[in-house]
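Taking the form predicted alone, here's one chain by itself in structure tokens.
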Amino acid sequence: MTARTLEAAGIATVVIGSALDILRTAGTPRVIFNDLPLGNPVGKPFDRDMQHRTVSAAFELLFSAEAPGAVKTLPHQWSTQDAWRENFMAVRAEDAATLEALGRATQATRLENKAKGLFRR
């Protein structure tokens, strides 16, 4: 929606994303689509080459697209097998205690930071 607002003001945009169905439904003007896990639309962590190719493709699309609605799909892969789709960020029963402990630790840290005045406004 931000992209559409910027476009209405005459500012061209390109959104890099991993959820093409959502981007299309939202009416995103120009899209670079990477079929990667959510939260990693530009590429794998620490894979500077993949990230560079994604950002370069976004600039190319920005300068070459003649009208809103352009979608460019990049060939990047998270893995050579599709098993990541079922395992990425999966929460299993055997992990419940660990995840609960991590959640409590995060909450305690946030409360400590808030008491020190270190919180988002």
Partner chain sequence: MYYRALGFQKDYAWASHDDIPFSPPKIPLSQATVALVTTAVVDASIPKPVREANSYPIVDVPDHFDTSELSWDKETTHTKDRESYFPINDLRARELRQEFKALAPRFHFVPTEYSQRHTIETDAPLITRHCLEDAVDLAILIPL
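In this text, the rigid core denotes the largest set of C-alpha atoms whose superposition between the two forms falls within 1.5 Å. Worth saying up front: this structure is predicted, and the values here are computed from it rather than measured. Positions refer to the first chain, counted from 1.
Beyond the structure shown, there is the form predicted together with the partner chain, which is absent from this document and is the topic of what follows.
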So in the model of the complex, does any heavy atom of residue 73 sit within 4.5 Å of the partner chain? no
Spell out, yes or no, whether the shortest heavy atom distance between residue 51 and the partner chain in the model of the complex is within 4.5 Å. yes
Any chance residue 77 has a heavy atom within 4.5 Å of the partner chain in the model of the complex? no
Does the partner chain get within 4.5 angstroms of any non-hydrogen atom of residue 66 in the model of the complex? yes
Residues within stretch 1-34 having a non-hydrogen atom within 4.5 Å of the partner chain in the model of the complex: 1, 2, 3, 4, 5, 6, 7, 8, 9, 10, 11, 12, 13, 14, 15, 16, 22, 25, 26, 27, 28, 29, 30
Taking the rigid core as the reference frame, tell me whether residue 19 has a CA displacement of 2 angstroms or more between the shown form and the other one. no
Having a change of 3 Å or more in the C-alpha distance between residue 102 and residue 19, I'd like to know whether it is closer or farther in the model of the complex than in the form here. closer
